[in-house]
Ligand SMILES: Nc1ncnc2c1ncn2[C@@H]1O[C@H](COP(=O)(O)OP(=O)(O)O)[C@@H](O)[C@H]1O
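Below you will find one chain, with nothing else, as structure tokens; this is the form predicted on its own, and questions on how it binds or moves follow later.
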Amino acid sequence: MSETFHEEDESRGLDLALWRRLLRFLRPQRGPVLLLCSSAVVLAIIEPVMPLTVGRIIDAANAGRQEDLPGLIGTYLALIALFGLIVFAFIRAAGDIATGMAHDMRKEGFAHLQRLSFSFFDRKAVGWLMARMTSDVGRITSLAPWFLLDLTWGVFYLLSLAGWMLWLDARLALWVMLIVPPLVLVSAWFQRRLLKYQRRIRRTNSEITAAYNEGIMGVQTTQALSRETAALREFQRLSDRMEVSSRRNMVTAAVYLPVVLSLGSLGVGLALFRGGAALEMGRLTPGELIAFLQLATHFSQPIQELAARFTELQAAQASAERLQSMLDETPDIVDPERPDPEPFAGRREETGEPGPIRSVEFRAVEFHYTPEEPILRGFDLRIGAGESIALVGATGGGKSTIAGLLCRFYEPAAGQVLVDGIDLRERSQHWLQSRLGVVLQHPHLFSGSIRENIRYGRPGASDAEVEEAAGRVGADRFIRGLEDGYESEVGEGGCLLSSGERQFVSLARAVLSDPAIFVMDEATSSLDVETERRIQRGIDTILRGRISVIIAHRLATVRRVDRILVIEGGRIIEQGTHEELLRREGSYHHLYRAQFARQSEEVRFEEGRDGDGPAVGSAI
């Protein structure tokens, strides 16, 4: 699985400091919060008044005071109407709070993710991040307003009930309050059990989600290796664990409710037993006794609700911890405090053309993903204005790392990467990245039309500029051949286009952004020769007049650059033009023979067939 799940500490207590940190998302919702809390207080006050009013109606009817009945009944109806209005108010307020918190959390979370460095995304799976922004945020925001409501209502309701019972008959009220200690102890025991099972359910659910995601993403591999039955067994084991934990949780919850109701009934029974004596002694009227019994019946309710809400809060703590840990992540790469040496980043304000870059230099660069396995050791390289270079060599030699450091996806552990003699750490990330054009082996396209994807790096470009860029890289022909042309949908990740078509779109996107530095990482390695030949013309268009770094195995790409660097063990062991390196018969010559021989034969055949140039194989 892409994400490792650890056993949660089932005895962990409530972390109030964590929840206080998340309270900042409540501050923008001051209005709804004030409405919610005031509604809860008013509700806690008027709820006990309703049975008291019923008691007075009973006493008035029993005493034959008919003239009092209309006023009392009117009061009762007014209380019902007020009750309904308050319920509407706090439901509306709770919805506003939940929606507002979710909006702010997701906005802050997404903005924070945009600031984090590539190394963070190397460590965290996409599913993990999606769960933080969806299910964890949803869990927190769906709990927060109702916890706030029940906490406010529960405390004031308990005080209100106790106050009215003590006012009606203090001795009888003390008898009813005898159920409070056992009720609290029973609630605490059951809620701990429920919390344990809920944590097991959430943990297993996370594993099921990950397994389901991997099963969907890897369905072709599973079918190709005939592992459907084994995959089903693995998934079934997780489902069985979920079923066992869910059943235990349901049984515990089913036992808890009748136990609480029994304790509440015990309190009512004590009130009824002792209330009969109070009635005979004249301390209470029949109406007051009925009102007292109703108050006693409700006395266990806020304790039960508060216990359940605190359990939910503790159960949601894992979600809060995961969300806060993501928000606490600090970028490995940060902008300098002082502004960039040039006020306008990316393009010249007057012409819209890229600002000139005269040189890129790696000076004694060291880099490692883990200290035990260094990738680059004292790496030095200088690239001049308008120069294109190719990085070749065995897998793991450090080629993609060099490109990643140039793009400032990562920071060097030691040494410097300089642009025009200025360390990239003294520039803002926007300054560099607005001048970069990057084309990867598997380019990512966003859901939408081809036109929108080409325009992605330069939103203000006109339709004519988009089509011109596509024409320059040779993408216009295939685009116009589609039924909807430039308005054709690419699908999620570009799934409705072939690999070659996605590369054409990504090249057009790079041309339209007109980068000062162009980086291409294995962009043609998965394409057939004919598609590569067509794309190569687009690449040639991009290379002209700008610093370019190409990582490629394909001969057609490598042989056109100004300089080829053979990278091995994080060092340059050979460099020169294609012809120079072949004549030396060194590492590049062997690499060429081993890795490029088949491609060269295909290219020679194609070139000989259409007369595009001399046979490449003759260079050996």
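Because the structure is predicted, anything quoted here is derived from the model rather than measured. The numbering used is simple: start at 1 and walk along the sequence shown.
Not on display, but discussed next: the form predicted together with the named molecule.
Contact check at 4.5 Å (heavy atoms) against the named molecule in the predicted bound form: all three of Y369, T395 and S400 pass.
For the named molecule in the predicted bound form, the listed stretch (162-170, 400-408, 109-117, 308-316) containing residues with heavy atoms inside 4.5 Å is 400-408. Mapping the unseen interface onto this chain, V511 falls outside it, with no heavy atom inside 4.5 Å of the named molecule in the predicted bound form. The shortest heavy atom separation between I140 and the named molecule in the predicted bound form exceeds 4.5 Å.
When contacts are judged by a 4.5 Å heavy atom cut-off, E373 counts as touching the named molecule in the predicted bound form.
Not displayed here, the named molecule is approached by D122 to within 4.5 Å at the level of heavy atoms in the predicted bound form.
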